Structures are given as C-alpha cells and as structure tokens.
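A single chain comes next, written as structure tokens; it is the form predicted on its own.
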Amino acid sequence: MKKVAIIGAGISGLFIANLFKKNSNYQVTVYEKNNSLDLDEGYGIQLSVNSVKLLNQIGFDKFKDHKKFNPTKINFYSIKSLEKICDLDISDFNSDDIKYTTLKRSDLINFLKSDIEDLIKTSHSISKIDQENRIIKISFENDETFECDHLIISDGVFSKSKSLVSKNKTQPKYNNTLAIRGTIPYFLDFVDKKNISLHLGSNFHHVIYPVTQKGNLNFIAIMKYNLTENEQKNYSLFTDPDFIKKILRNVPQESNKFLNEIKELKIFPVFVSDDFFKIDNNKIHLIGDAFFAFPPSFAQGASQSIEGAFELFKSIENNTEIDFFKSRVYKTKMVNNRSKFNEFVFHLSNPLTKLFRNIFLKKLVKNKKFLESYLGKIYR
C-alpha cells in the first residue's frame, strides 16, 4: 500500500484526499498547520461545471440544495451610470445534473471533510522535507516525522512546503489590487437575488451573488491600490480601522449603497503567482494555489483547484505523474491570461474605451463561437 501525505486542508487537499480514500491501494493523511480548518462563513465561491462534474464523483450531487445556488446569468452593470450593460447566460454550459454553482466556502469545506475527518491531522506545521532517498520524509515543528511514497503540497499561495522544496526561490507577488469582501442582507430590494451581478468601474469592480436559496448574498470587490513592500508584509494593517476607512474612501461613490449594507467586511491584498515551479522529484507535486494563484477576476480559483487535484490523482493512479505538470501548466496559462484580461477590461477608466468595451460586450455575450472558445474551453 502506497502512503500519501497531503500538506494543507484547503479545497484541493481535501478533494484529492477523498479521491485517494476510494482507492484501497493508497493510505492518505492530510496535515494542516492550524488547529482547525478555515471555515470563514462570509466567503462565497463560484464553481463552474468543470469542477461540479468532478465533485459529483464524491457525492456533491447529493449535497443539500438549500446550501447552494445555481445562478443562470451574469449581469453586467456600469457603476457610474448604474445601468445594465448586458447579460451572459452561463446556463448554456449546464446539463441536467451539472450546473454552475455558488455556495459558502465553509459549506464546501464541511462537505469535503465529512468523510475523511479521521484522516486529517491539525496543528502540524511542516519544518523539513527530505527527498534524497526514494522514500520522502517530512518533519513537523512538533517533532513528528512521517515517511511517504507521494507528497502533495496544497498549502496555499504562501506555501511553506513549496518554499522548502524550492529553497525559497519562488515567492508570490502583490497584484496591485485589494479585495474587499463581506455579505449583503438578502432582503435588500436593489440587489438581484437570482443571478451574479458584476459592476464595472474605473480601477474597481465588484461582484454580488447568492450563495444559498434565501441567505445573505456574497460581496467581493477588487480595487487597484499600490502598497509599499513594508505595507504588503504588515498583516495587522488590513484590520486597522483608520486604514480601512482610507481604503473605503477610494470606493466609487455609486457603490456606497452596497458598502453601507456589508456585514463582516474584510480587506486583504491579492497575491498571485509569478511563474511555475517544477519539482525535480516526480513523487512531489503542487496543487491549488501552491501550484499557481490567479487574479480573482475569472472566478476560477476553486474550480481549478478541484480540476488540478483530480488530474493529479488520475496521474498517480495511472503512474503517469511525469505528464501532470505539463498538462496542468497548459490549462493554467489559459485561465491566468483570461483572469488578467478580465481585470484589465473590468477596470477601464477612459470614457471612450469604456464605451467601446460596452458595445463589444453586448455583442460578445451573444456570440456562441466566442463564448465556446473563451468560456467553454475552461468550463468543460
């Protein structure tokens, strides 16, 4: 029986652990540095059909309907004029049992851990990875050690494990954007409670979408903002009331009606990957944000974490790990390029370029050939 160690109990780590549990040829253990799993209630996520199809293999199709939502459209609005520009029918990519889904991240984490809680070890912060021999030996700060045949690193964008195997050669970079997130009460009349609402502004955009049938709505905004290197490292800055007030003063005035209603408001800097890192040992792999972290403007972070985890599982199962990196890089580059392009288009500030953008948007969202190329290659 092959031993598999997974570092990080996020979406990708928990999903691939579920897959390994179904194969009796593997013994899997998940190590999480925190003393409990991150269950931030206010954090919504979007899952396109490429990831829902894979989640259904471990029972997501039986997941309680009242804890998830299936929006059918993305409505585009102008923040400045408050007028609707156009809408995109994302249900075109759905099938009867596989649909674009939104839900709370905490609910997805609870679902993913429900069948594997006995495999998760919390309060295990990794300190060393020894890969000189055929067997990989990992050491933890609590003086425990574990030997395994496969090591899967899924401990996020600031992956300590990745730093250990790369000897600190890879570091994420600040994306010159801040994320503002929280929840909006369901009862507000001026919010579309059935679809995803995308509001475009100058160097700023925000998204609102339902995450349950009749619960609070998720709010996430992305703002262009320069930080010094010291500010990027000062994590306490983003909970400082004066700094938060300063940031909120930069939000377009037209968005204040949303901001005034936000509960559990949090602000944090967005860090992304600068390049890919290939590990020489083909028994050690990166998945999720440890593999590559995207800008958030294509809503594919969770979906690609799930898709990448599934691809890695199948490559280990079929003994084709050597092909995993190349295939994952190809798909990741497509998603990353679209994410960066979306952010650029969403944040246009010149009135003339915004006018042309809106004209093109109205045409492109109805162009089946374009949508199949731009979205279909990712969603399917």
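Numbers follow the displayed sequence, beginning with 1. Bear in mind that the values here come from a model prediction, so they are computed numbers and not experimental data.
From this point on, the text means the form predicted together with a small molecule, which you will not see here.
The closest heavy atom approach of residue 301 to the small molecule in the model of the complex falls within 4.5 Å.
In the model of the complex, residue 223 stays away from the small molecule, with no heavy atom inside 4.5 Å.
Using a 4.5 angstroms limit between non-hydrogen atoms, residue 155 touches the small molecule in the model of the complex. Using a 4.5 angstroms threshold between heavy atoms, residue 33 counts as touching the small molecule in the model of the complex. 296 is the sole member of 252, 296, 172, 71 with a non-hydrogen atom lying within 4.5 angstroms of the small molecule in the model of the complex. Proximity to the small molecule in the model of the complex, taken as heavy atoms within 4.5 Å, picks out 147-155 from the listed stretches 147-155, 187-195, 82-90, 235-243.
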